[in-house]
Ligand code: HEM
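Below sits a lone chain in structure tokens, taken as the form predicted alone.
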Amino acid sequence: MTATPGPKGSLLLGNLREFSQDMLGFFTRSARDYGDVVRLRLADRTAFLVNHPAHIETVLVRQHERFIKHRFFWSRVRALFGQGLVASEGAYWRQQRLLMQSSFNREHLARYTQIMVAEAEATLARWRDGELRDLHEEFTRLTLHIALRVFFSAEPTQRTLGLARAFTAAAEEIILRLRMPMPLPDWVPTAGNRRYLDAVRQLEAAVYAIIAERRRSPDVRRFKTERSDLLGALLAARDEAGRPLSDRQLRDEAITMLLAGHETTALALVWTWYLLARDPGAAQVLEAEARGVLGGRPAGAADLDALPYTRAVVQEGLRLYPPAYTIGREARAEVRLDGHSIPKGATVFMSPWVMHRDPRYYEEPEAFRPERWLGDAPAGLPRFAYFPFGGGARVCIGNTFALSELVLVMATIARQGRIYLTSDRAIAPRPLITLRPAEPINARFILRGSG
């Protein structure tokens, strides 16, 4: 059995300080210095960073039954996500996944794309030529509107528009919890716990209001209708005993899908436009494709296959700035990875941020090169050299939905103008629950032909 190398760290905290202060840099250095399997110590917890596509495939696919979502993280966010799809396990997770899968089929996707494009067009109509905008704020608003309409058939209100701010507040507190050797339970009345639980209550209030309004609707049982959506599927569902989902179950899934369905997509748009604004040549190619395919009409589902460069731009943005920058699992039993022993109870980290920048698989890995995704080039990549949506049985349920949204929103904007940054300064990423910019990314949208 191979002795697994790794950074030594301090006597008491091990590698927790470096992990907490600069997770992306720490993971990158660890992979570079110690190889495909790196042993870490985070205070009293044993962890491993896995940096090879074959090993990642073992964890997520080949031996996935030997791993669960790592409890160190999910135990600290239970008040927020409850038993929602991203946090649940076992038979309950399989039941919920099957229940929600139908909401993401091809039939529904065609209708969803109309909402995506309509909201993107409404955003452009609100932007004034040359007006200063914060990209994160703007794209969060856009994707939140899309998620509310697609998943819940709900129109945005002042309460629902506060969801993004409440989630940001919760995310700030969650990352602080992960950096503490011994986080305190939620019931301890610290300032941080109070901020976290207040944010959770705001999210709950908005979601429960949406659920209550739908329950009052006369067609709550009509899932197979043109207005069918995720909430409709959940309300119509019955367990083996014929019982509907409880309000708490509805709340958990609604919060999970609402946050997962808008936050990561907004960040993908932010980072991709940030990269494009720093590469005028790529922006020109994108604009030419959008104008050539769409002309003066709105985009639609039928255009997705006709926008290969737009898709390549999206894929490259997700490569360099994957919103889900790390994935964690906990070993339920000992697992061997290329001679390395992963003991029961250990946490395994797999980082798209690290793998997507590995020079073994990407020429000029730090460079923004959308053309690397055109033609047959992607076929030469190992399966898990690129995994922005995870993989295996727990691959993101909305991955096709998200890619379609990203491509159509990108094309809609590029058809009408270009986004210009107000500064050439590089913006650092900030790894919270998702990969956010460390500061506002301010930009101006210039309409085509206006200078």
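Please read all numbers here as calculations on a predicted model, not as lab measurements. One-based numbering along the sequence shown.
There is also a form predicted together with the named molecule; it is not shown, and the following applies to it.
Asks: Should Tyr386 be counted as a contact of the named molecule in the predicted complex, where contact means heavy atoms within 4.5 Å?
Replies: Contact check for Tyr386: no, nothing within 4.5 Å of the named molecule in the predicted complex.
Asks: Looking in the predicted complex, any heavy atom of Ala268 within 4.5 Å of the named molecule?
Replies: Yes, Ala268 sits close enough to the named molecule in the predicted complex that at least one of its heavy atoms falls within 4.5 Å.
Asks: Against the named molecule in the predicted complex, would Leu197 count as a contact residue? Criterion: heavy atoms within 4.5 Å.
Replies: Because no heavy atom of Leu197 falls inside 4.5 Å of the named molecule in the predicted complex, the answer is no.
Asks: Looking at the partner-bound form in the predicted complex, is Gly417 within 4.5 Å of the named molecule by any heavy atom?
Replies: Outside the cut-off, so no.
Asks: So in the predicted complex, are Ala122, Tyr274 and Ala411 all sitting within 4.5 Å of the named molecule, heavy atoms only?
Replies: Zero of three within 4.5 Å in the predicted complex.
Asks: Just one of 341-349, 241-249, 167-175, 317-325 has residues with a heavy atom within 4.5 Å of the named molecule in the predicted complex, so point it out.
Replies: Selected stretch: 317-325.
Asks: Can you pick out, from Leu148, Ala260, Ile210, Val354, the residue that has a heavy atom within 4.5 Å of the named molecule in the predicted complex?
Replies: Residue within 4.5 Å of the partner: Ala260.
Asks: Looking at Thr310, Thr113, Thr140, Thr264, which is the one with a non-hydrogen atom within 4.5 Å of the named molecule in the predicted complex?
Replies: Checked against the cut-off, the match is Thr264.
Asks: Of 91-112, which residues get within 4.5 Å of the named molecule in the predicted complex if you count heavy atoms?
Replies: Result: Trp93, Arg97, Phe104.
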